[in-house]
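To begin, one chain is listed below as structure tokens, in the form predicted on its own.
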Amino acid sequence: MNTSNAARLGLILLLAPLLVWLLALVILPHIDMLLISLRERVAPQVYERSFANYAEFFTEPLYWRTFARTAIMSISATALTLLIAFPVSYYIAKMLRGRLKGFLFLLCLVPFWVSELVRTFGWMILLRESGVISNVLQWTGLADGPVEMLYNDATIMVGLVYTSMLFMVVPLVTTLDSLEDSLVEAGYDLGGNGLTVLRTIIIPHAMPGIVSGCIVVFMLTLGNYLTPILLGGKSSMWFTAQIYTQFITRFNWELGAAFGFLLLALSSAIVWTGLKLSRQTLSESMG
């Protein structure tokens, strides 16, 4: 066996586990989900091919309004996470040195040492009417009675940003860390101000990290179930709750599969649009 064939065989063996994983756990389940969504139950254990499940989604206002609301709030949560994470990431990557840099980065990791469920319950303890913040407000005289801060859009947004922050900070710190300090100094030496340097040097350099972070945060937020349900309550109107209801509560796998495939199509469309607007490719943003 010559060198080129040996190298090709080695590459195939290295990629084989990944290809098997993608085929068994990603591609085949999605194909099966699509086939299930395209069938309609006409009698017990009797199905026929139909687009009735998708038609029901578009004819029922509750479904497509929840769908649109989930998309808008996921985009908003991603944008807010980016606005908060960018200065934090820049400070960690460019303003700190040595152990302090590693320590601050470690602080960003600390909340993720526990599960998302525990973190969400922590917010509920803080924000409920008998929680810490409500008691402090009453003790200081700023509130006359218990203050309920749960079960609204603002609380859901806080929870989504909190649970997603690390996935924005990590790619931003990695990208900004490779930015040469001399480039920033040259921007100021040539007469640029802080806003000009940010717009022409820092953001273009950080764009791969921005795009990759936004993709990960958006996908996690769009598919989140625990945070919107626990912090938003039954009125949260989150689309993953609709999918859960169809699969688990109503045992309507056909409609649940249609909802799941629509959510996949939405996430793919928004990610593709974001890549086009940022003029990035998927390999550039993830590499």
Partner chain sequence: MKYTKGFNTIVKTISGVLVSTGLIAFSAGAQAETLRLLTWGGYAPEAVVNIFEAASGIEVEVTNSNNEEMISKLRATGGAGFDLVQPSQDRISSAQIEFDIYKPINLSKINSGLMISSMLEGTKKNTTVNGKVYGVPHVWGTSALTINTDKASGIKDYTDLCDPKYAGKVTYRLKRPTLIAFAFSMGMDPFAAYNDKAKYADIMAKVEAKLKDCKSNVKAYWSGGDALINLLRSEEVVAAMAWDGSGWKLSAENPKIQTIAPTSGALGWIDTFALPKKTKAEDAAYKWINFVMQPKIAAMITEAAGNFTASKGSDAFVEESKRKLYQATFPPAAIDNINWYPPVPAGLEEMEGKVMDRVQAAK
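Each form is matched to the other, and the largest set of C-alpha atoms that superpose within 1.5 Å is called the rigid core. In this text, all values refer to a predicted model and were calculated from it rather than measured experimentally. Numbering follows the first chain given and starts at 1.
The same protein has a further form, the form predicted in complex with the partner chain, not shown here; the description that follows concerns it.
The partner chain in the predicted bound form is approached by residue 47, whose closest heavy atom lies within 4.5 angstroms of it. Taking non-hydrogen atoms only, residue 165 never approaches the partner chain to within 4.5 angstroms in the predicted bound form.
Interface membership of residue 133, defined by any non-hydrogen atom within 4.5 Å of the partner chain in the predicted bound form, is ruled out. Heavy atoms of residue 267 reach within 4.5 Å of the partner chain in the predicted bound form, making it an interface residue.
Contact with the partner chain, judged by heavy atoms within 4.5 Å in the predicted bound form, is confined among 213-221, 91-99, 155-163, 137-145 to 213-221.
In a rigid-core overlay of the protein, residue 19 has its C-alpha displaced by at least 2 Å between the shown form and the other one.
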